[in-house]
Structures are given as C-alpha cells and as structure tokens.
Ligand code: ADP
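Given as structure tokens, the chain that follows is alone and in the form predicted on its own.
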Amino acid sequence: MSNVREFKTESKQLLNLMINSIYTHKEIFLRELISNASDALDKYHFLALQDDKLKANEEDEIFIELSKDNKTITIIDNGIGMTEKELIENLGTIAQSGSKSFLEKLADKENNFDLDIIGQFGVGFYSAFMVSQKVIVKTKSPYSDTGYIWESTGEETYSIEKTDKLTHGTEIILYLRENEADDEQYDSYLEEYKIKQLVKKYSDYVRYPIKMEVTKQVPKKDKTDEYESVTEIETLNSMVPIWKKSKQDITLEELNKFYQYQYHDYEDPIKAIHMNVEGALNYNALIFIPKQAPYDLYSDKYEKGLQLYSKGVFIQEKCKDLVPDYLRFLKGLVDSPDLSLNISREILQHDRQLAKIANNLEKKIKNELERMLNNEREKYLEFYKVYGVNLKYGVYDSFGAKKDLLKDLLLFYSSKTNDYTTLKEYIERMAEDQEFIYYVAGQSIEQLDKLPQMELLKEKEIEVLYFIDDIDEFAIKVLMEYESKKFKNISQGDLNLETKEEQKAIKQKEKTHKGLINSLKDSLKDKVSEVKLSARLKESAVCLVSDDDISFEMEKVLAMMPGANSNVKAKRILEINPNHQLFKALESVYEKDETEIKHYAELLYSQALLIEGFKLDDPIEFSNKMCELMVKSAK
C-alpha cells in the first residue's frame, strides 16, 4: 500500500533551487548518482568487515540500463541500500546526508579502512530531477526484512511502499523529460555513446566497475565481409587512476600515453611530475610540461588551470587557482579528498587548502625545473626555449614577489660561451675586479653580436649577456642585482672600462675638437641630448646610446603596448669614434665650411638610428642626402 508524504517546506524550496539553479550542467546528474552508488558500496564493504552477518559481495559493481522504449535510465548498485526510515531521512528531507552522518559515526571509531565517501551534502540525488519527470528508487537494506519503493515527481510529494526485492542494494529509475524545442534534448541520454562519454568525463576513476550492456558490430561467422549486431556487458570506467599508483609502478610510456590521451596531444611531454602528498593535507597531482606551447597561450582567450578531482570524481576542467600565471602552460590534474566543495560539487570554495596545494605545487615544479637544469641540461634548454619567457614574466610580475624563487632558473645567451648560461655561471666566470653583470638588449643574437657597443667589451674579453625577449630588461630591472652584482646595459651611460690613459686621451680630443662637437650638437639639438667622443667604439664610426633611465629596447616595447604614451622615450646620446677616418673627414668639412656640418650630422644620426633598429622619420630625405653627399665627394 502506497504511503504518500509531503516534502518539508524548506525541502520543497531547496528542491526547486536544486533543479533550476544549483547545477550549471544538467549532465552532472549521472556523476551524482554514480557517486552515491559508490558511497553505498563503500558502506556495505566496510560494514561487512565489521559485521559477520553481512556477507561480502561476490562482485561490487554499478550497472546502468537504458530503455529507449520506456525513456528510462536505471542505475543499479549492490551496496548498503536503505531502510524505510533511511529513505524518509535521506530522500524525504533534502540535505540530510546519509554519507555525512555515516562519516561522523566513523570518526568515533578506530579503523584503518580507506573509505572515500564522495557525498557530503545529501543533495546529489535530487540532480536526477533536472532531467527526469519522475524518479523511482527501489532499495533494500540488509538490516531490513523487506525492500521499499520510493517514488516522486520532484514537486510536492513522494510515496513509499513495500516491495518483494530480495537482495540488498539500490535501483534508481529515471523517467526522462520530454525534449524541449531548440533546447535540451533529454533523449540524448538514452544513447550509449552519450553515457560512455559522461562516465569517462566525470566518473572514470570511481573505484568500482561501472557496467552497461552495449551494442557492437562484429563480423559474422565465416563471413568476414558481413557484420551483425551483438550485445555484451562492458566496463565503462578505468577505476584505478594512474596518479594514485606509486611512482615505481608507473612507466614513462604509461605516463606519456595518459598525457596524450587526456590532453589531446600527439607528442610526448617534455616532463611529467608525479606527486603523492600525505599529511595535514592529502592530494595526488600529475603535472605535465607540453613540448609545444599552445598557439593561443599568450592571448586573452587562453584559459589556464589544472583539472580538479575529489576522490577520483571529476569536479572542474580548469581550476585556475592551482597555477600562477607564469606557469599557465602546464597541463595536469590534482585529486584531493580534503577540499571544501560547494553544494553542487561543481566549483571549489576558495579556502586555505586550495591555496596550500597551489603553493606546494609551485615549489615542487620549481624544484623539478632546477633538477632538470642541473642534471638534464639539453632537456631544460628545450623547455626554456619554449617557456623561458614565462619564467621571466614570473620574475617581473607582482613587483618581483617571486624573483628569488625563479632567478636561478633564468638563462641568457652569452657572448663568451656562445650558448645559454645561468646568472650563477656568469658570476663564477667574472674577473675579481668586474663591477657589473653586463648585458645588451635587441631583437636577435646575431644583431647584438655586431653592435658597435660590443667592440670595447670584446677587446677587454668581458662577457656580455644577450637579451632578445621583450620582457628581459623589465625582469632585470625588478631583479636589480644577483649575488650583490648589479646589471649594466652596455648601451646605457658610461661604462668606465677605459684605462686612465685612455680617459685622458679622450678628454684631450674633446677639448681639441670642442667647436666641431658643439656644431654637431647644435645641428641635432632637437634629436639628441648630447654629442660626445666615444671610448667604447673601436672600429665603428658612430653609435647611439641612452642614459641610465630608459633604454632603447624598453622604449620600443612600451611603444607597442595598448594606449602607449608616445612621449616615453630614451634620451639619445650620439657617440663618435675619434679614431675613425670619418671623424677626420668631419674635421676637414668643419674647417672648410662649418654650415655643411648640419647635413653630415643628420646622416650620422640616421645611421646610428638604423644600427639601433629604429625606423627613420623620413627615409626618402635620408636617401637624397646620401646621394647628394656622394656626388659632392666625387667632384
């Protein structure tokens, strides 16, 4: 005889909220019901160990049945089941969590049983009403002489009646809603491929086998060119997550295969990092560094984050709080039983546990990169050429908050070794009396190696680091120094590397040619802040340097930024080699006709701009002046 009951008032309100608001995706219903079935199996398995009256299951399993004729999905488990009282408490009163209550009772007992109860709030069952017009639950507890049927349309009432069900466990039957025009197609959940897809996505690592009868096409006997349909029972989930295995039990081939399948990559990752942390906070993590960066890695559309699992159940595709921006290229997952999930189990509440996991992951990844740098240099170089700019961004970001964490991972191309070097290695090679770590910034190693500013450093055999990424100088400005050695751009300010005799000779020449220098400066007064004779030039005739504030490369980078201020420019200083034949030619022109110096000054300045990679304001005028002076010199 049916026993009709009303949901409690607050339960009605919560049920309505559950069906219409809490869950973002309706497909989540299958995850919740499978998780509940897994909980029921856990409970039975545990109680069977404690109670001799309960016989262990021959096989623990969760079974899914589809009926297109009846438009039903049935989820069956041989777990603990429910008594009539438990049905009323757990299904008649929303948020009366059987799982939570069970765990609270266990907390008072000493046991070593590994029990991963997934449900925490007792509301997951009601997600079934998002896709169902009616739900029937057939259940029997081993502690009850009879089974019961619970039935509801998810509105005002539910009913409970007895059944002759003989075996313990629960059977949930969902009668699907009618399709909605141009909206939800509920009958898609009756397709085998759809159920397989959802199980793989959300419940692949539930510890018990999830089975379903599937249809397959197989060759007919003795007729290899003809096929027939057969049905067979198939296990849909993997059950044991690779990340929960011990490191020694996982081969590199298995890790690579998992990565390629899980993250849709055709190449093996550069590195796989496996973590199994136990303590105040428990979690497993499997992190991969892809060989190639995603094409949109630096676009606004790229979404960083690691996959998030709780006890093997998929929670979130991209948990962005687990990785800092500079590690946005990482792929992988974190699985923890200790995270505080919200009521829908879809998103994570922001708490200290998550922040702690993120902090631990960052340190672990940093240590792994450092180990790779020290022990697998070629592999680290492969990584760095793809993602080195991200580490530099990490140094620069948040006003250098992580500069000490990352500074030893940085590499720069060296003029001395003709290869990439760390800052530590540079320091170890420095002469005892060398004051600075010297660098030069530009667009390519080849271009920087040919710069006139390099001539003095090469002559004195001083190592120079080549900065070719836009972020380099900004990161170094934040870093400021390394092991008490400050950084110095060889294209900024005075280098003070000359001997006293060389300094004295330059000053004497500046005094001798003061008139010519002032004339050149007057000719370029709107373009340069100073014209001076150079101590750094040995073979080249001219170069352009800036003061110690903003460098030319920083000016270029700032100019490319959205909303750039065109007034942010480096101060230009034109340096001329007093020992070059061109300077002697300038002396001759100045002595003959001082007014002609203006044309030569503009040509020298344009030449220096081109060397620095700047565009000329008027290249046609430059070309005409070159031709004009060439004609004059030919007469």
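In this text, all values refer to a predicted model and were calculated from it rather than measured experimentally. From 1 onward, residues are counted along the sequence shown. The term rigid core refers to the most C-alpha atoms you can superpose between the two forms while keeping them within 1.5 Å.
What follows is about the form predicted in complex with the named molecule, which we do not show.
This chain appears without its partner; in the model of the complex, the one residue of K571, K43, K26, H580 with a heavy atom within 4.5 Å of the named molecule is K43. Note on contacts: among N237, N284, T170, S310, the single residue with a heavy atom within 4.5 Å of the named molecule in the model of the complex is T170.
Of the candidate stretches 363 to 371, 523 to 531, 80 to 88, 544 to 552, only 80 to 88 has residues with heavy atoms within 4.5 Å of the named molecule in the model of the complex. Not displayed here, the named molecule is approached by A37 to within 4.5 Å at the level of heavy atoms in the model of the complex. Shown alone here, F412 lies farther than 4.5 Å from the named molecule in the model of the complex, counting heavy atoms only.
In the model of the complex, at least one heavy atom of F125 sits within 4.5 Å of a heavy atom of the named molecule. Core-superposed comparison between the shown form and the other one: CA of T139 displaced by 2 Å or more. Core-superposed comparison between the shown form and the other one: the C-alpha position of L333 differs by less than 2 Å.
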